[in-house]
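Just the one chain here, the form predicted on its own, laid out as structure tokens.
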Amino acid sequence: MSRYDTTFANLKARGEIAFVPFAVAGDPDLTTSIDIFKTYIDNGADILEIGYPFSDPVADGPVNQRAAQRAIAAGLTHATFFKMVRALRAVSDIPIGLLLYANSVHFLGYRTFCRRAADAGVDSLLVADMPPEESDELLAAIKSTGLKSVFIVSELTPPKRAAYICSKISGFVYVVSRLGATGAQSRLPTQAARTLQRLQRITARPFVVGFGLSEPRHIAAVKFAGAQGAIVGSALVAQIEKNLSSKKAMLKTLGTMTGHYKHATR
């Protein structure tokens, strides 16, 4: 069984869904970034979603874009990124998913990137700007290195295309709760529940909802709607940005928020 299989099975047995916090690798610097992800782990994260910084992250809103800019300015490289993942894997066995853009993978070559990711301890890749129709070479590299593939499905994805996308997924289905880029919002769209109901007739893969979740009640709502996990990104990254001048305050706030979000999964 993969780490994902084990995690989702254990959570189901406890009547919980996965809480998946996000941050951009290397934001605001490598050491602090490692401490941020360790804080998530220590306060109840079930799965980590790590963003690989890119200069033009088209799926991300302003908060995550600025985080990527800080990480790039701080000098994150492929080598230091994989070093960071190895540091996290040394302290935890929870699944680690990577969200990135095609240029970052292409730079090293698909097989080289996937091999280095797998060796470091990454469990899955979601290449946000690569449609499944153009992903055969990447999927072959993912499969050959034991990684899992993740793709996005939205409320506008027609049933036939949703089935095709899900056929390419070996990890989990990333279900966006609203249209547009990432970003915190106060309301959880009702479309997310309808999308989950539709997908339940298409695939048995786990559903993890992201984009716009920012409050514990949003986590509870997606659990009620039938999701197996919930991702919170921009709301946490905004606190990183807000507390750049005080690492202690940053980590304390992130730890408290993670605990509240995890409580809502139970």
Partner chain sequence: MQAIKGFYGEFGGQFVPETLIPALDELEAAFNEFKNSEKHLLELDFYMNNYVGRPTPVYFAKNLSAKYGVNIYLKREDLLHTGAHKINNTIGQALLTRYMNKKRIIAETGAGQHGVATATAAALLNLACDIFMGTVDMARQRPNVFRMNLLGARVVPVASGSKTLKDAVNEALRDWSKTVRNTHYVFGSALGPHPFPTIVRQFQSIIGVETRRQILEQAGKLPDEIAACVGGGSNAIGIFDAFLNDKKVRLTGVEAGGLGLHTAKHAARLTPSPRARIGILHGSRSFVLQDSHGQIATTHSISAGLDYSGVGPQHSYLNQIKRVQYTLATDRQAIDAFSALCEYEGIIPALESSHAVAYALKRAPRMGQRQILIVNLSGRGDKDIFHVADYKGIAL
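Note that the structure is a prediction, hence the values are computed from the model and not measured. Numbering follows the first chain given and starts at 1.
What comes next is about the form predicted together with its partner chain, which is not displayed.
- Screening Thr39, Gln65, Gln228, Ser214 for any heavy atom within 4.5 Å of its partner chain in the predicted bound form leaves a single hit, Gln65.
- Of the residues Arg115, His78, Arg89, Lys168, just one reaches its partner chain in the predicted bound form with a heavy atom at 4.5 Å or closer; this is His78.
- At a distance threshold of 4.5 angstroms between non-hydrogen atoms, Ser55 is in contact with its partner chain in the predicted bound form.
- In the predicted bound form, its partner chain lies within 4.5 Å of some heavy atom of Asp60.
- Contact between His106 and its partner chain in the predicted bound form is found at the 4.5 Å heavy atom cutoff.
- Taking non-hydrogen atoms only, Ala102 approaches its partner chain to within 4.5 angstroms in the predicted bound form.
- Heavy atoms within 4.5 Å of its partner chain in the predicted bound form belong, among the stretches 160-168, 117-125, 142-150, 90-98, to residues of 160-168.
- Of all the residues from 115-142, those having a non-hydrogen atom no more than 4.5 Å from its partner chain in the predicted bound form are Ala128, Asp129, Met130, Pro131, Pro132, Glu134.
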